[in-house]
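Read on for two forms of one protein chain; each stands alone as structure tokens, with the labels structure 1 and structure 2.
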Structure 1
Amino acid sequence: MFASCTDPAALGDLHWLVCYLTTAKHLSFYASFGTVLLLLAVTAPAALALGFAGAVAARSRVLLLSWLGKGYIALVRGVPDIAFFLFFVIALDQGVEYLRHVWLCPDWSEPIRQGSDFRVCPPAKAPLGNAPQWVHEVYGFALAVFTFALVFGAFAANVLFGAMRAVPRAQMETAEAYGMTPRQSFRRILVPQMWVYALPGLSNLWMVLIKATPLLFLLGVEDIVYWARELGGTKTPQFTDYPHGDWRMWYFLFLLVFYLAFTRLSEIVLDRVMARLTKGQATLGGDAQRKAAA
């Protein structure tokens, strides 16, 4: 905040607005956009890696691996996202603390479940109660990233599994006829070509992931939705030196513009990626490019 903002009552309208938009809480609001972008930057490759592993497992000739891959896809896709987020984060957090409790406090005699409470010994808390605030924030964000990656990894696995099956079998047979091993044909023929079939589904999944970022608010992470609700609500002098009415509509309108602009930018980038992938490929996209060039 600027030094001239010490007395809000003496400020003019424009100066008041500038001071209001540069308070510490607004700086946290602006930083929360970085939190959302960081979530997307970390979750997208993690979900894609989980999805690729799930798709490879689902098409495996080993029955156990195939069951695991298909079970992962079916289980996560069959549960509503919000229910999975609310359940899994709590279960994961308590699971981590339980394992730490068993390891660090083997002589603990009190029951862990005490009615509706879950109590472990103090050293088993994750993170520790006396840990700095940034440790708690990083831990909560890591839980959120893992949960997002697990959920969207299942959808990515379903898309990639279908894309692998869409690659013409004749190409795999040709690779075998040239003496390639199954591993070589998978790496050199199947994987490079499956992305053409997978990208439309993955593009849609990326858009869904962008729209799902407000679920961070439900996971206890102070994201842009949290700060928009807090800053936009009616404020009183007891809460802040800048009291105002209910401005939530304007804050959420700003979020609407942000998400629309971000999705539009994503569409432009994904269209260019699709054009690059389909260039020279024996697909409808590649055929359309050849006809346009002619």
Structure 2
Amino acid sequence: MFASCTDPAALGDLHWLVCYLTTAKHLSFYASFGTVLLLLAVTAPAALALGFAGAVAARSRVLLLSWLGKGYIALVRGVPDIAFFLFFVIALDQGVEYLRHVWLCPDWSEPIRQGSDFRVCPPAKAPLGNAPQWVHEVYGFALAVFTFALVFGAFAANVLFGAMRAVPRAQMETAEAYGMTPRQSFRRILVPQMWVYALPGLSNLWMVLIKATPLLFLLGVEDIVYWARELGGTKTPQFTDYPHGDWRMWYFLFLLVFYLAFTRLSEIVLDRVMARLTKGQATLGGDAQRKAAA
């Protein structure tokens, strides 16, 4: 990066380190923190939305919907996320391509499965075979987000399902007494009230989600752990200007600090949200707030 870095072997320790830490490879490492944060920022709302849909379906009075919701919660919650990432994403990718194939190439005569090969017509490839690399990366990232959202959506659905049941029945009965339709009481009473019961479970889920991001590399997304492993590994002088021994420990220590700091930050924010949600609620916490204010 710097002009003075052309001959690292001749540099002093500190200067060497500065040059080492600013190689293009390290810049990719720093950029991957952005990737991970972006993934979290997109996945969390998506998972919440899926979880909400799952919880509502599971509560539905229509048996079919209720089965669908409960089946989703039970099945996806039952599978370790890592197993999901090892086969589901390829299946998902093939599913997308298959649908596009049926839609775009109705006249295609060759079989799609040839032995172990999966071949759709070229226009149905997702992304197209001649698309630039960044399109592939965005597509891979989208698959990762979807998979993460699907997995964590099931856990969120479970939390929200419990939270909806935790809203005191008296509240719902009062709503009925006021003549609200089930739809109205759901929208105006149940949903606003359930968050305070759901938040502890959801924050726990958020903490687990943060820590699941190392699985990203299984999906072909280069995350911070991939780069830490790559950069930290022993480098022999033949292949780099900056040879060093096994430095994985230092890189992982750095990741550890990052994760701890991120967790701490999340805790602070979530505590604030909790305090806000508790306001005016008929819970112990709400009581305490009222007393403190009085």
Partner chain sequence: MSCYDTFIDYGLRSIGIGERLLPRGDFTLCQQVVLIGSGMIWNIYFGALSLVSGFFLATALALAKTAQTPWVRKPAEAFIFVFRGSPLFIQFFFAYFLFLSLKQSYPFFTPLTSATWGALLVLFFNTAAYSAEIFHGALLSVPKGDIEAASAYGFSPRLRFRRIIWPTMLRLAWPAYTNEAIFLFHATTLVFFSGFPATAQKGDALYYANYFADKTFNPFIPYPILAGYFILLTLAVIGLFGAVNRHLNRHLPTAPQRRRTGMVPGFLR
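As the structure is a prediction and not an experimental result, all values here were calculated from the model. The term rigid core refers to the most C-alpha atoms you can superpose between the two forms while keeping them within 1.5 Å. Sequence positions of structure 1, starting at 1, serve as the residue numbers.
- In this comparison, the chain shown as structure 2 is the form predicted together with the partner chain.
- Remark: with the core as the superposition reference, the CA shift of residue 172 between the two structures stays below 2 Å.
- With the core superposed, residue 196 shows a C-alpha displacement below 2 Å between the two structures.
- Core-aligned CA deviation for residue 120 between the two structures: 2 Å or greater.
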